[in-house]
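Laid out below as structure tokens are two forms of one and the same protein chain, each shown alone and named structure 1 and structure 2.
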Structure 1
Amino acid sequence: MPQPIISLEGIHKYYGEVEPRLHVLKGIHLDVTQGEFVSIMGTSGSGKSTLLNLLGCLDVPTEGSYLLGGKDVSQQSDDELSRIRNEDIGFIFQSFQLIPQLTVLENVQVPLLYGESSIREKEEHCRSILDSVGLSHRLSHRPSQLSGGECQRVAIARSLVNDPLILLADEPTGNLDSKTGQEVLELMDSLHGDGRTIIMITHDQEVALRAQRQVRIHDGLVIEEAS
């Protein structure tokens, strides 16, 4: 059995400072190995986004340990968490979260700003990633000039720029019609085919089935679904 790339042990997450605090995650155990494509389902308010934020180091668990690539990241400084997000994690959001005043190419380059390598050095790299998501003809467009599907593909390109350990997607097709949603999912499939580790939240059973492994969050715990 290979070393898991993500290893959650007894993760608890409470919201709020005053009692009664909201107990959202109640002791989650979850291992994800390199190259897995995992979908997370669950009712609204069950804590899917909470879990994904923890995995993405946007937040820290109240209790429990989180090993990412063998490194404990559950109690790191703010700057250290920023660095981990920059180097090891690629985010894909439901609402794309592109920066409106920047062009497609510039949006994809944003993660480079906060890392070691320079934008100039990686210019070709960025272009080829945009090419691989089918947007090489849109480099100098602004997000407002693109369709939803194109925006999401820009966001996916952006998530790949620093070659992260894991890709985290929170309902990536939630804002798209079914056809463009399909295109985005096909893109995710091909990334999985390239050996990427992907964790994707979805409401849609059918979407979830595209993943090789499905988990469900229920009552603050993770339940594996038999596929």
Structure 2
Amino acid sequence: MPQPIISLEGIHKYYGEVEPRLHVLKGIHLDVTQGEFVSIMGTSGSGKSTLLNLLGCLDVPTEGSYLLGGKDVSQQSDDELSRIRNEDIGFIFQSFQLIPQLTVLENVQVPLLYGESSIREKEEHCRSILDSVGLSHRLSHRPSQLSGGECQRVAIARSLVNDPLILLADEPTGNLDSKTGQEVLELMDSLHGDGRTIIMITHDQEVALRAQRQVRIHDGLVIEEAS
């Protein structure tokens, strides 16, 4: 049995300093193994956005442990969490989060700014990744000159540059029409086929079914898992 790359044990999240505090996550237990493609579904208010923030090390649990690659990231300093977000987690957002003033190539290079590679090595690496997502002809374009699907491909390329442990996708097709959304899901299928570990947050059941395993969260608890 392979060791999980993600292991959540007894995760609780409270908000507020005085009682009664808002209890959003109520004892989440979840393992994700290397190379899995998992979707997490939940309605508004279910806790899925809070869970996303914890998985992405954008927040820390009030109680419980979160092991990422065997390391308990729930006990790390802000500086260490920042390093983990940059090196170990590839983020794919619904709104793309591209920098409008930068070209496609420059946007993809952003996570490498503090790396030790030479400028030439960084550029060649990013060119290779952009070629793999079908954007070698758009390197000098800016986000305003791209379609929504192309913007999401840039975001996916950017998420891959540091060879992260996991890809964390938040409603990756939410801003796309159905045809373009299918193309992005096919790209994610391909990444999964290459051995990438992907966790996708979605409210769309049809999108969720593209994943290898579906997890449903309701009222702060995991209530259902299916393959």
Partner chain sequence: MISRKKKELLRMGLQSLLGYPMRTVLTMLGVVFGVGSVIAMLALGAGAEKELLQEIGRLGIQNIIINSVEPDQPENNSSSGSSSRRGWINYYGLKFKDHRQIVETIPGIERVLPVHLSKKKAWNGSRWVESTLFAVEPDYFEVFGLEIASGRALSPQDEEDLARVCVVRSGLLQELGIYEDPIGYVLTIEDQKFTIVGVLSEDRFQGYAQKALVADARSSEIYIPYQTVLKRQGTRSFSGSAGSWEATDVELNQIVVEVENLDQVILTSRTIENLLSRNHPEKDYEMIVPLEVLAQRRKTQQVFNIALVAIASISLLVGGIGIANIMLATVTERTREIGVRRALGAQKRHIIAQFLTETTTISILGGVLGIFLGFGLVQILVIFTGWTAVITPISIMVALTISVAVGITSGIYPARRAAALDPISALRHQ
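Because the structure is a prediction, the values reported are computed rather than measured. Throughout, rigid core stands for the largest set of C-alpha atoms superposing within 1.5 Å between the two forms. One-based numbering along structure 1's sequence throughout.
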Only one of the two shown forms is the form predicted in complex with the partner chain, so please name it by number.
1
Is the C-alpha displacement of I119 equal to or greater than 2 Å between structure 1 and structure 2 once the rigid core has been superposed?
yes
Can you give the C-alpha shift of E19 between structure 1 and structure 2 in Å, rounded to one decimal, after superposing the rigid core?
3.1
